[in-house]
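As a starting point, one isolated chain is supplied in structure tokens, in the form predicted on its own.
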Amino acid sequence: MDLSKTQSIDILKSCESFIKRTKSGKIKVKAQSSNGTVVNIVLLVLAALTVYGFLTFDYKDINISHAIKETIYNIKTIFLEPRASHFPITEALYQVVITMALAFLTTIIGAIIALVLGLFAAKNLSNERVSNVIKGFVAFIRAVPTVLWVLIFAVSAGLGSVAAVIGLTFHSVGYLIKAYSESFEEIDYGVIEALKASGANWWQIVFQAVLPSCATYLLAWTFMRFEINFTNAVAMGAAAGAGGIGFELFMAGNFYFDLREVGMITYLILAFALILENISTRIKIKYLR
């Protein structure tokens, strides 16, 4: 139905009443809301506090301009002049392999434990009370940082690779139980009901419906945790004496004070992280389509 000219003019006039214009007559395209005003005020207050903090710091005898120049020089030395001084490149690669082995071991152990507990944590496969208890427990595990778990276990096992393996595995279990259980809960409940109606027991439901349906998601989550464990293993090598390239990084930065070696190790870790990211992307493209 075509609108008459009079009706069109009436509609335009009614719309005009909702349009906000600037003093110059231009239409305001940016909507103003109370939430946006509050956010802007908070940002201004934070910016003012930051400036005030820099102006009132107790800098002691530090010359700020000299400190900035030294910082820039150190960054330039680290990233533009990387060089190994205390070990050959083959030894560095060997240390990276040790770090990857630590990440791989903790991921595999964590994945096996999490797979079993994840089944009991999924509400469509388990009792609701059991599910809530497991999910509550793993939420507590995840709330504590990995390095803190390693230090807690170091009290009984001592600083070193043992405490790192236990701490990394412990946090991996908490992370993967949540990921696995949520994947299991995504399964269509009608499939589970159909298998139950046909007489299938719990294990048959798990092995014939749940695991085959979630295999790709389990693989993706496990590899993602492996990437996280690799970076954590580097940190544990420095913080907990777990060995690997992280320990060499700690020695270069805090014992030898060799910035060039720090740069070389940083580039090496970055290269392996990019390789892992590339593999992870390929797996997701291949199996998650």
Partner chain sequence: MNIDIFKKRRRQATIVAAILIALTLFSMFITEYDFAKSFTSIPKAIIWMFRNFYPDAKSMTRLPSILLKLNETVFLSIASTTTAGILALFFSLFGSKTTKVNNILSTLSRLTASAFRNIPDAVWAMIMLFSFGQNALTGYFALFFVTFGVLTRAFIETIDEVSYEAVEALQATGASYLEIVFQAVIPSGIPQMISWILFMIETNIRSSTLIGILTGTGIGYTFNMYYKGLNYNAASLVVIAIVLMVFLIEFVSNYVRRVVL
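Keep in mind that this is a model prediction, so the values were computed, not measured. For the two forms, the rigid core is made up of the largest set of C-alpha atoms that agree within 1.5 Å on superposition. Numbering follows the first chain given and starts at 1.
The same protein also has a form predicted in complex with its partner chain, omitted here; what follows describes it.
Within 4.5 Å of any heavy atom of its partner chain in the predicted bound form lies no heavy atom of I27. Taking non-hydrogen atoms only, I78 approaches its partner chain to within 4.5 angstroms in the predicted bound form. Taking non-hydrogen atoms only, Y180 never approaches its partner chain to within 4.5 angstroms in the predicted bound form. Contact annotation: P145 falls within 4.5 Å of its partner chain in the predicted bound form, judged by heavy atom distances. With the partner removed from view, the residue among A122, V165, V173, C214 that has a non-hydrogen atom within 4.5 Å of its partner chain in the predicted bound form turns out to be V165. V155 is the sole member of V116, V130, A194, V155 with a non-hydrogen atom within 4.5 Å of its partner chain in the predicted bound form. The stretch that touches its partner chain in the predicted bound form, counting heavy atoms within 4.5 Å, is 147 to 155, out of 147 to 155, 181 to 189, 81 to 89, 122 to 130.
In the predicted bound form, I75, I78, F79, Y94, V97, I98, A101, L102, F104, L105, I108, I109 are the residues of 75 to 110 with at least one heavy atom within 4.5 Å of its partner chain, listed from first to last. After superposing the rigid core, the C-alpha of N40 moves by 2 Å or more between the shown form and the other one.
Superposition on the rigid core between the shown form and the other one places the CA atom of F257 less than 2 Å from its counterpart.
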